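Heads up, the chain below is alone and in the form predicted alone; it's given as structure tokens.
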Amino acid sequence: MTNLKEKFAQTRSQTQALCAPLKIEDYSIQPIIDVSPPKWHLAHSTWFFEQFILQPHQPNYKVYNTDFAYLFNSYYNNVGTRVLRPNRGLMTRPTVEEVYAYRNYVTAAMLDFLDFEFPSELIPVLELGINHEEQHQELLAYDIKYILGNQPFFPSYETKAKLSVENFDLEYINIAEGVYNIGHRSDTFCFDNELGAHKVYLNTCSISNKLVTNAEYIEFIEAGGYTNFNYWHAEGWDFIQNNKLTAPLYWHKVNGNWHYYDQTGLVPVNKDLPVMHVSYFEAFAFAEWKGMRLPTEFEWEVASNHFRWGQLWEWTSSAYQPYPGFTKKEGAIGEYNGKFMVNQQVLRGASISTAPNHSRNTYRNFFSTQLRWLFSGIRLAQ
């Protein structure tokens, strides 16, 4: 129990540390539907503990504000109505000050709760809450970068999460034809979408030990990658045409040279770093141009012990589907992953903003094919 209390306290502190460099004006803005205001993240991750632990299990707990469940529920239909996702940025009230007061109130109540014995069946809920907030820390990193990276003067933001050059030789990891174990098999925490450990049959293939670099991606751009429909899915081609895309997110041509926003400001593209902020459509098109392909999530998992991974989430060619025997929990907790298993693509690995304990090779991230604001990159297979 002590370790869980320490982990809870550390997680709550880390979320607020990510917001510490922000100005008050940065907290409430929502530039696009996919970007939630930092204030909303702070409140939603607080509501989760209040809703699923304190209210049902702490005797005489007094809800901080009965309106907050409506304001800060994300997608849990089982626990009531909520502000629609596109409208999160319309809320100037409650103020940032009150949201922090709400966090402090719930954090204090949770620390008191964790000082005493509680039913062991609550441990998975508490672990889920902590891991849920860690997921929101990563989303906060994406959202803060988008909020600042789309402003006219590209303001800087203090962060230790930075890409590094992969200074090792390119090799291809060979996977022999055969049957392999897939999925989470230990007693440590995992999300429900990692469960249903099973076997898969793989054909012979090979996977790069390195991520695609900015220099390689510039070659794709200069070779007409964004103007040749032959490399693209039909939906991807329509997407880049309709949105007039010619490069990854945050890239800008300045005096004939590529620059990008890297949270220190608008700087020249470092050609040696892995390319990031590409959609599944762009990752697929690049692979087509190279005469290669994206790995399946199962190929990725089998080869992953040979990767020095953890810099960027890597698009796979696998649709997000349940594993054999997948079951959803009863009630709102069962809405966590299962209902999103449609029209999404699986990403594997981790990113520079992923919580360390989430960097496991069975973790199944998932996003829609057109999204680019996440910290995503490309690994090739053949």
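Just count from 1 along the sequence shown to find any residue number. The structure presented is a predicted model; accordingly, all values stated were derived computationally and were not measured.
Here the subject shifts to the form predicted in complex with a further copy of the same chain, a form of this protein not shown in this document.
Taking the partner from elsewhere, no residue among 6, 170 and 216 has a non-hydrogen atom within 4.5 angstroms of a further copy of the same chain in the predicted complex. Listed stretches are 206 to 214, 92 to 100, 247 to 255, 158 to 166; the contact stretch with a further copy of the same chain in the predicted complex is 92 to 100, by a heavy atom cutoff of 4.5 Å. For the candidate set 290, 185, 306, 199, a heavy atom within 4.5 Å of a further copy of the same chain in the predicted complex is found for exactly one residue, namely 199. At the 4.5 Å threshold, heavy atoms of residue 324 reach a further copy of the same chain in the predicted complex. Among residues of the shown chain, residue 50 is not one whose heavy atoms approach a further copy of the same chain to within 4.5 Å in the predicted complex. Within this chain, residue 270 is remote from the site of a further copy of the same chain in the predicted complex, having no heavy atom within 4.5 Å.
Although the partner is absent here, residue 189 sits far enough away that none of its heavy atoms falls within 4.5 Å of a further copy of the same chain in the predicted complex. For the stretch 338 to 358, the set of residues having any non-hydrogen atom within 4.5 angstroms of a further copy of the same chain in the predicted complex comprises 338, 339, 340, 341, 342, 343, 344, 345, in sequence order.
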